[in-house]
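Two forms, one protein chain; structure tokens for each follow separately as structure 1 and structure 2.
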Structure 1
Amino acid sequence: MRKYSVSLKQWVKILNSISAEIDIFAPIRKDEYLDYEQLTEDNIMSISYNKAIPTTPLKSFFFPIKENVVREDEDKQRVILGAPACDLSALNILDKIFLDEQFLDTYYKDKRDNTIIIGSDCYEISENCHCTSYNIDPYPKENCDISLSLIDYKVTLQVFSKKGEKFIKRFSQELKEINKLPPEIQKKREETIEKLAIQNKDLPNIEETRKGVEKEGTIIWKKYAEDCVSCGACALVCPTCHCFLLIDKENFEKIKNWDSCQYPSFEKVAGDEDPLAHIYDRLKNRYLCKYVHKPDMYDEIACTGCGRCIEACIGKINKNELIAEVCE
């Protein structure tokens, strides 16, 4: 994998030049919130580098909240800068689902093909980050075209794919090729891993979590469900959740719209039967899906430890506290 170095000042000039031709989205912090925005001359100096984590999961760029699936327009090329490792890992499941040859989602595929993903190391973590608990390192290792690290006003880029190589060629004359990653990057990565280990020292690992979720009956689910309002926020901000509805509209339009297993009537069928009629059943089903069903179906755990569901929960349900109690 080829590696490059460039000053932050020159990197900003490169982004300015490219953004005139291609849409670039990057994390911008406003007050306490960090989320993706399309880059302009006004906000390009406000990009937040190596910080965890954008409010919007990466999936929304490929699996939009609402999408007309009978359209004929083509997706334009774009760049997503600053994708954290937890969201990159989530693409393992989404790709297996939406790029399955037997059930290929051409709209998802077009967006994946036309998007250059620049992953980002995490040198700052949030209070709910726990990626390493699920064997995910807090820096890009897969599913991105380029990775980026910023230390002391110097940007280090590492190319992961042919698509990334082609993109780098646009401005390679302005970069300095290097043989290996600077030692400062490895030091920062180790420090982040240590922070996460300390923060999540009491959180059960994947195997323990699966056993706990499978054996638990209804007591703990009923306890935590008392605070659940079935808003579905946990599923909507989750980087791996992928349930959707197809809604027929006028003029033969068909809209693909995000759905959530936490909504009432999510599994209601003919005869008014509903196996998930109770809130606590829906809550349990969500965890079974994450830690049991998805690993069985796709050999991938469906939680990447981003912690967004904890932050988004209106009922203040802390997933990590629930898991710890289930595994006692």
Structure 2
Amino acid sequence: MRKYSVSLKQWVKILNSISAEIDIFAPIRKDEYLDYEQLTEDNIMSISYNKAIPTTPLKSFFFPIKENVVREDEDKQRVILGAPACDLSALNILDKIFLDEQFLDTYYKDKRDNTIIIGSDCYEISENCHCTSYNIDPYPKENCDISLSLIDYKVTLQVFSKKGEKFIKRFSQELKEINKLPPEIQKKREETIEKLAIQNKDLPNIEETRKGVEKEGTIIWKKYAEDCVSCGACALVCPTCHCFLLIDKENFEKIKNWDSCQYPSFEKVAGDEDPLAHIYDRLKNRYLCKYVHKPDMYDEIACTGCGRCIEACIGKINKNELIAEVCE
């Protein structure tokens, strides 16, 4: 894996010239929110590097909120800069679902193929980050084309894929190739891991969580369900939730629209039978899906520890408190 170094000043120039040709999206802070915005000359200086976590999950670039999946559309090449490791790891499950060979989702595939992902290390974590509790390191290790770290006005880039290699060729004459990652990076990474360990010291691990969720009957689900308003925000912000509904339009067109098992009648069948009739059934289903069913189906838990659902919950349900309680 080739590695390069470049000054921040030079890097900004590079981004400026690329953004004239290709759409680049990067996390930019607005008030208290950090989220992806398309780069322009005006906001390039405000990119938030190496900080958790963009409000919008990475999935929305490949699996948009709404998409006409019958009409043909041309996907343009684009760059996503600053994807955190948790969101990158979520692509494992999404790829298994949408790139499944038997039923290949070409809309998802085209977007994956046409997107260059520049992942980034997390040096500042947010209060609900808990990736390491689920065995994900807080820096890119998979599913990106290039990774980026910014320390003391120096940008370090590491190439992960052929696509990344090809992309970097556009401006490699402006970069300095290096043999090893600078030691500051290793130090920062260790610090982040340490912070996460302290922040989540009481959080059950994957195996404990699975056992807890599986054994819990209804009492704790009912307790938390009292605060749930079925808004579905937890699923919408979740980087691994993939549920959708096909909505029919004229001319046999179909809109693939994000959906959620937290909405009433998600599983309702004709004759009004509904396995998820109660809010507590749906709440339970969410955690079963993440920690029991997905591991059985795809060898992977469907929670990356990004913490977004905790932040997004209108009813102030803290998933980690809930998990700790079912594991007691």
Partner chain sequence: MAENNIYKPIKYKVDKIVEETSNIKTFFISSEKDFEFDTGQFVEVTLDGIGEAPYTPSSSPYIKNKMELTIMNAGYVTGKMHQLKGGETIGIRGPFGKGYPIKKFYGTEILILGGGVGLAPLRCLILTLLEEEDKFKKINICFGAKTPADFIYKDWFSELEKHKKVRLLRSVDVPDKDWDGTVGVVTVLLDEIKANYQEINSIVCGPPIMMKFGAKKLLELGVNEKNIYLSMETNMSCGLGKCGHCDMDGLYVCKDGPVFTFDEVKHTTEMKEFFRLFKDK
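Definition used throughout: the rigid core is the maximal C-alpha set that superposes within 1.5 Å between two forms. Throughout, residue numbering runs from 1 along the sequence of structure 1. Since the model is a prediction, treat every value here as computed from it, not as a measurement. Residues that one form lacks are left out of the comparison.
- The form predicted together with its partner chain is represented by structure 2; structure 1 is the other form.
- Listed alone, the shifted run between the two structures is 250-253, counting only residues present in both forms whose C-alphas move 2 Å or more over at least three consecutive positions once the core is aligned.
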